[in-house]
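What follows is a single chain, given as structure tokens, in the form predicted alone.
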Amino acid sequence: MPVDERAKRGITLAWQEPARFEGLSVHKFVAAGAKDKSRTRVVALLEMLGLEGARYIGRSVDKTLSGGERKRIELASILAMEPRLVLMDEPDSGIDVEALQHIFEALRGLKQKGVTVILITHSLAVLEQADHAFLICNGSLLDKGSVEKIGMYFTNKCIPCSHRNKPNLEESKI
């Protein structure tokens, strides 16, 4: 589905590696899909994610921003869109512990607004933000259930399966 069609349906994606947009300001990037494009709203969203709004709003979404900064700016743009469905690939990738807490708060805020968020993760901390969990390996659904149930796979590293890269379970427990 083309980007504009997804947007009309309230569907958005957050990539593991957020895009860079040379020459596009943080303000324009965050406000692009927003109903409220005001400076005040953009600054508030940036600050909600632990970024000093006044310091970032005029910056360019380019290589001068770290991956973690770009990830939080991308999430600010998603919050500004007020979507119905968000697909987030590795939301903790390149994020420090303090920034991760801001992201988790934003995820809780989306949940409170009734937004469906699908998280793709290899992190138990991110998994713990979910209500339901699915274990997928090599494109196959291996298990589903509570976060606690699926979290056990994170603790035990893996389960016996036929994937060609399956680890030696005895070594993975070391």
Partner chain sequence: MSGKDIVAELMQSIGVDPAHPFGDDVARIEVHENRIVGVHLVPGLQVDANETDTGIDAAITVADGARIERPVHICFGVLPENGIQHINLNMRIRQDSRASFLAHCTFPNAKDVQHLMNAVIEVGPGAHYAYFERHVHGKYGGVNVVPVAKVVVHEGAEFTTEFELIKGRAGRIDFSYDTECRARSVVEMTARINGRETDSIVLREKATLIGEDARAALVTHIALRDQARAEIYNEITATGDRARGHVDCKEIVIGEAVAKAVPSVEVRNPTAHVTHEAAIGSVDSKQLQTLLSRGLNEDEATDLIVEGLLSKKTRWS
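Numbering follows the first chain given and starts at 1. This structure is a prediction, so every number in the text was calculated from the model and none was measured.
From this point on, the text means the form predicted in complex with its partner chain, which you will not see here.
Looking at 143-151, 130-138, 111-119, 32-40, the stretch with residues near its partner chain in the predicted complex, meaning non-hydrogen atoms within 4.5 angstroms, turns out to be 32-40. In the predicted complex, its partner chain stays beyond 4.5 Å of every heavy atom belonging to residue 92. For the chain shown alone, residue 88 is not a contact residue for its partner chain in the predicted complex, no non-hydrogen atom being within 4.5 angstroms.
Contact check for residue 28: a non-hydrogen atom falls within 4.5 Å of its partner chain in the predicted complex. The closest non-hydrogen atom of residue 103 lies beyond 4.5 Å of its partner chain in the predicted complex. Applying a 4.5 Å heavy atom cutoff to its partner chain in the predicted complex picks out 3, 4, 7, 8, 11, 12, 13, 15, 17, 18, 19, 20, 21, 22, 23, 24 from 1-26, in order along the sequence.
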